[in-house]
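For reference, the chain that follows is the form predicted on its own, supplied as structure tokens.
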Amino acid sequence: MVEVLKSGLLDTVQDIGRNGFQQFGVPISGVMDHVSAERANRILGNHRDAAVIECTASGPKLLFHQDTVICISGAFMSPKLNGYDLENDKAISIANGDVLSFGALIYGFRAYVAVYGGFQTEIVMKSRSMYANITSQSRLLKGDCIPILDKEETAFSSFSSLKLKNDHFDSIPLSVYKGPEFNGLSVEHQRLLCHQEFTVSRDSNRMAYQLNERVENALESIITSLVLPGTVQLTPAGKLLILMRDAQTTGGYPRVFQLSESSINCLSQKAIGAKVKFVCRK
């Protein structure tokens, strides 16, 4: 069992998502950055879909009530075990009574805490991913106790470690495909979208990232249509919305771009004020 002594800005349990229910209006959800979460699970020998704790901007304080092994990947939030500094992307032995805490955010925006066997929270629609009105709670709170598996005696006779490249956190270009309504834009506005740098707005969250700069929208409104994580919508007011893992399944704004999967992962590590630029794939 793992007890939450203190929660961060937004801590949730996530796996790779709730696939197969979009026709009922249920978001996919899941970890925002698949690369980082799957890396932590891989280091521990877990299945790639094992549930992890996703920490946004700041991390929780966790008390472990049994021996286990953990790995932290993604953003570096100055993790400590019983007050001693830890590294990311490395298997770490945990003893009953140990306390994991986090400090200053050094790079990235979302960190992932994986545990041996994955966090054993409720499964709803084939997923442990937390989402309001789907699971019993939408975030971790102080006092929550999360079940985990007992560590096998033979587990982790040798530890492995892997590092993420810096460009996963620092890269400005986002690889995109042209969306269904892109060709309806004027040549001037197409060029603008593909050459201008944009800034991540403070209104960004797991549902969508908003960008501060506006682009004139002369497109006609569309009939409500399918959207996916990574769909870039242009609102009538000229705001760009990049749908993320908790996005709705349909939308009525023109779809000008679709982010590649790797770009969704990179964007999820961008903090407020970060710069991004769309790079169109042929």
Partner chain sequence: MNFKLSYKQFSERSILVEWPPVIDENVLHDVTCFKNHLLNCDIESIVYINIAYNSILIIYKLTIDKINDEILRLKSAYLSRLGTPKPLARLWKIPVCYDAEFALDLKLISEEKRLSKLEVIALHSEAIYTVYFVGFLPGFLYLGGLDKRLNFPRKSRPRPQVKKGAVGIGGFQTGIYPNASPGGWNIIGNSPLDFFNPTIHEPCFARPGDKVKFVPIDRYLYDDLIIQVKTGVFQIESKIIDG
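Numbering follows the first chain given and starts at 1. If you're wondering where the values come from, they're calculated on a predicted model, not measured in any experiment.
The next section is about a form of this same protein that is not shown, the form predicted together with the partner chain.
Interface residue among 91, 105, 149, 124, judged by heavy atoms within 4.5 Å of the partner chain in the model of the complex: 124.
At a distance of at most 4.5 angstroms from the partner chain in the model of the complex, all three residues 28, 224 and 231 contribute at least one non-hydrogen atom. Proximity of residue 248 to the partner chain in the model of the complex falls within the 4.5 Å heavy atom cutoff. In the model of the complex, the partner chain lies farther than 4.5 Å from every heavy atom of residue 12. Contact between residue 258 and the partner chain in the model of the complex is found at the 4.5 Å heavy atom cutoff. In the model of the complex, the partner chain sits within 4.5 Å of a heavy atom of residue 20. Residues with any non-hydrogen atom within 4.5 angstroms of the partner chain in the model of the complex fall in just one of 173 to 181, 107 to 115, 67 to 75, 93 to 101: 173 to 181.
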